[in-house]
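Just one chain follows, in the form predicted alone, and it is written as structure tokens.
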Amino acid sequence: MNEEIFTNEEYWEEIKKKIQREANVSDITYHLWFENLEFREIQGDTVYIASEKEDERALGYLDKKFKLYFETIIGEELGKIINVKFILKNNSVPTFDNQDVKVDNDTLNPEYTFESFVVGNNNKMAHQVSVAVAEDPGKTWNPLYIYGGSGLGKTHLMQSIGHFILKKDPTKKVIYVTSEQFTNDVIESLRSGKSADSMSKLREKYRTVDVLMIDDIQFIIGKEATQEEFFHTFNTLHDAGKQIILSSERNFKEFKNLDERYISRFAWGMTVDITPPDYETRSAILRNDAEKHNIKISEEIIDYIASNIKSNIRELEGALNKIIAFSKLYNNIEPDMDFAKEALKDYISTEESGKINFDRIVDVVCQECGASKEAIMSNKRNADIVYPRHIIMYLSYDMLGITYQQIADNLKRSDHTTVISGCKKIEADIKSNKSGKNTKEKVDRIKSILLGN
């Protein structure tokens, strides 16, 4: 969730209306207390909301009656535990020294460190490479290109590198921006009529750093002026031995409209991917977050969340945060399963979690095996793709009762004999369980998830 979206008036109105429903507030009360509340700013984990009231006692009323509701809903949107502070409209947001690292007016999230990053089979290589880059920036792998789906930890890893470098040498100039921020800076410089001063400021900001991190680099594709500025910035930094770290949802080789000169430069360094976490990693993330917030969450609840939310760490943590926030609303009671299911009814649909079809089998197998659906449907024959593909074949035949040819059609295979062969291989692995892949345990776990057990 981009924090800047809260400055959008329509979006902020939707948030307030959602809080009205959650708090069961009448339209009259909404008009008196909510209607003119303004989102002001986010500093670290604190969200500042301004009230038009002129009396400090009004802030006390908002704080007492509605603070937890605002923290719950806004925290759910941001995917983290937050603290809400109400201020008077004419008051400025207080400034203070905190643990955020300020770099060229951009902020590294203090929680995004290597210590708080949960390593699993889905991100082990990306983590190892990131640590190596942090220890020897500009020399080990440059650029570092990290790709993977939304909410899988790319930003966490990037900023972990930044924190590590700054801790080791606080004099280093490190900058982290999204591609949107980079584009906006380019547009602003162009708006000034390409004056020497404005362009100089832009280049001073980006071409004199020791480490440049740009998130979601794919969004600059097709924006000619931004691409051109990035190209020259990249060359300047790389020639000077400065570290460049980029992230994207896809491998740069998959971008159809990306100029060859960018592809060749991205290929100079190291490309690593992050795939969706398996069940064990999801569970570890939840335990880690619960411990961090000093909240006791039962293994049953952790299993419930980890078994039903698989593709996105942000959603996974958001679900836990919602349970924590709901616990606060009810005088910090220790949540049980009924409480968790009620809190997560918007996250996890019981009806959907029990529905088994071919697409759901593919989704669950991909999550558990760390494979992408695109790769499964492709003609790739890598062992790490063929194995989950065979599990899909086996489970589709075993659980759906459809024909080998139907499975072949669903997997875009012309010959159903490949399905027969795949099913037999998995069946043999299950019986012998000597393949070293723990196939029986893996298939049993996937079945359990599909059946909602």
Ligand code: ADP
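Just count from 1 along the sequence shown to find any residue number. All figures in this text were calculated on a predicted structure; none of them were measured in a lab.
What follows is about the form predicted in complex with the named molecule, which we do not show.
- Query: in the model of the complex, which of the stretches 262-270, 302-310, 143-151, 357-365 has residues with heavy atoms within 4.5 Å of the named molecule?
  - Reply: It is the stretch 143-151.
- Message: Considering non-hydrogen atoms and a 4.5 Å limit, which listed residue (I295, C369, V129, V118) is close to the named molecule in the model of the complex?
- Response: In short, V118.
- From the list E71, E229, E317, D278, which entry has a heavy atom within 4.5 Å of the named molecule in the model of the complex? By the 4.5 Å criterion, the partner-contacting residue is E317.
- Message: So in the model of the complex, is the named molecule close enough to Y112 to count as touching (4.5 Å, heavy atoms)?
- Response: Y112: contacts the named molecule in the model of the complex.
- Query: Should S327 be classed as touching the named molecule in the model of the complex when contacts are defined as heavy atoms within 4.5 Å?
  - Reply: Result no; S327 lies far from the named molecule in the model of the complex.
- Message: Taking the named molecule as it sits in the model of the complex, is N123 near enough to touch it, meaning that at least one heavy atom pair lies within 4.5 angstroms?
- Response: Residue-level check for N123: yes, a contact with the named molecule.
- Item | T155: touches the named molecule in the model of the complex, heavy atom cutoff 4.5 angstroms | Close contact exists here: in the model of the complex, T155 approaches the named molecule to within 4.5 Å, heavy atoms only.
- Item | Within 4.5 Å of the named molecule in the model of the complex: residues from 360-383 (heavy atom criterion) | Not one residue comes within 4.5 Å of the partner.
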